[in-house]
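This document opens with one chain alone, in structure tokens, the form predicted alone.
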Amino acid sequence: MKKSAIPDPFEQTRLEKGVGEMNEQNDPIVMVLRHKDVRRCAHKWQTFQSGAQPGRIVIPSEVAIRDTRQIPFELDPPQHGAYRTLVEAWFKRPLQEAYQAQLSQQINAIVDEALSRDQVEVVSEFSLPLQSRALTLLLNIPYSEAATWISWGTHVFRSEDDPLDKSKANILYDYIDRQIDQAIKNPGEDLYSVLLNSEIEGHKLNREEVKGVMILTFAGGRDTVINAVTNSIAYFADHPESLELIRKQPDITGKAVEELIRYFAPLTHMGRVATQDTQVCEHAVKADSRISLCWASANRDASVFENPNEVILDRKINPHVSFGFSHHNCLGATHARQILKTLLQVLAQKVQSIDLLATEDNIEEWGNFKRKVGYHQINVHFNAK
């Protein structure tokens, strides 16, 4: 097995039962594993809600480390739609030529830097800086601010000893509070200022609402983008012929991005809270208990994807759910897609091959399931084209 491979630990249970079970922080979860069931449950917001106690739909639960509701992520229709409409145009800005030109400049610079070095640790020295610098474009703030975010390390809420570190989470919350204060005193064209000047249902967004959008923006696209970038580098190290394919057939780059996102599923799953007694795959789900929509399992469902455990860069039909499904489709998906598309274009242009020197897998444990989601660290050498 190639070192970049991401095995599917859910296959047998998905085929036999359709659901798995786990207990997380004394709050049991029914894991929905089949593609059709994941999409159905994601669509049934009246039965499986997002607007529960703040932090409860995230897995692991963040109830113990925050009471600010992430917006629009932790809202259900019709509120969700109103807030999403308010911010959606801003999050579509990565489609603009000027945005793409700046992003290309950033990614060219980080690849050039990697090519100049004998060895690069991809997670902390490549993916984290890439993600942080790109975020300055999404927030429309100075590039220099990325240095602060890089200093926080790879995870916003997690430390080496604690998967949910409240003191570390408070670094982010306090930072956002300071940025909101600055935007109030000196409004500009950044996302903080835009939100503070926006109206929803006849009132200006209040401080807590702005903070909710910003926590989602910082936390939602951090680990996921870092995992996607790191896994992509590992994949091309193992499969130099794939990099050559993109070089020769640049028109498949968009499909390649979707396929890498499907296969890697940078976020394993996301929760919902049942509003009533119900069932999934004939498995009872009690009111006020949690389910998880297991994106990683759904993306390997052989009833939907031919050869699901293979990366097929020009896959023709690819209804993956790595960015969620239905009304809660990931708000940052356009930004993430543009990052990966630009990265693949730059790698194909400048990198001949990548030598994989050493790896340490990042293994998540969800009940009886153990899933590789990426790497704690991975050392490589980039060979120039």
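A residue's number is simply how far along the shown sequence it sits, counting from 1. Since this is a predicted model, take the numbers as computed values, not measurements.
The same protein has a further form, the form predicted together with a small molecule, not shown here; the description that follows concerns it.
Peer 1: Find the only residue in H155, H239, K168, R84 having a heavy atom within 4.5 Å of the small molecule in the predicted complex.
Peer 2: None of the other options qualify; the answer is R84.
Peer 1: Consider the chain as shown here, without its partner, and state which of L172, L138, V273, A183 has a heavy atom within 4.5 Å of the small molecule in the predicted complex.
Peer 2: When the small molecule is considered in the predicted complex, the option within 4.5 Å is L138.
Peer 1: Honest question, do S127, P129 and Q377 all end up within 4.5 Å of the small molecule in the predicted complex by heavy atom distance?
Peer 2: Not one of the three qualifies.
Peer 1: Consider G51 of the chain shown here, and say whether it contacts the small molecule in the predicted complex, taking contact as heavy atoms within 4.5 Å.
Peer 2: Output for G51 is no: heavy atoms all beyond 4.5 Å of the small molecule.
Peer 1: I65 near the small molecule in the predicted complex, any heavy atom under 4.5 Å?
Peer 2: Contact with the small molecule, no.
Peer 1: Hey, in the predicted complex, does G332 get a heavy atom within 4.5 angstroms of the small molecule?
Peer 2: Flag for G332 set to yes.
Peer 1: Taking heavy atoms only, is H80 within 4.5 angstroms of the small molecule in the predicted complex?
Peer 2: Although the small molecule is absent here, H80 would touch it in the predicted complex, with heavy atoms inside 4.5 Å.
Peer 1: With the partner removed from view, which of 108 to 116, 222 to 230, 304 to 312, 284 to 292 is the stretch that lies within 4.5 Å of the small molecule in the predicted complex, judged by heavy atom distances?
Peer 2: Contact-bearing stretch, as computed: 222 to 230.
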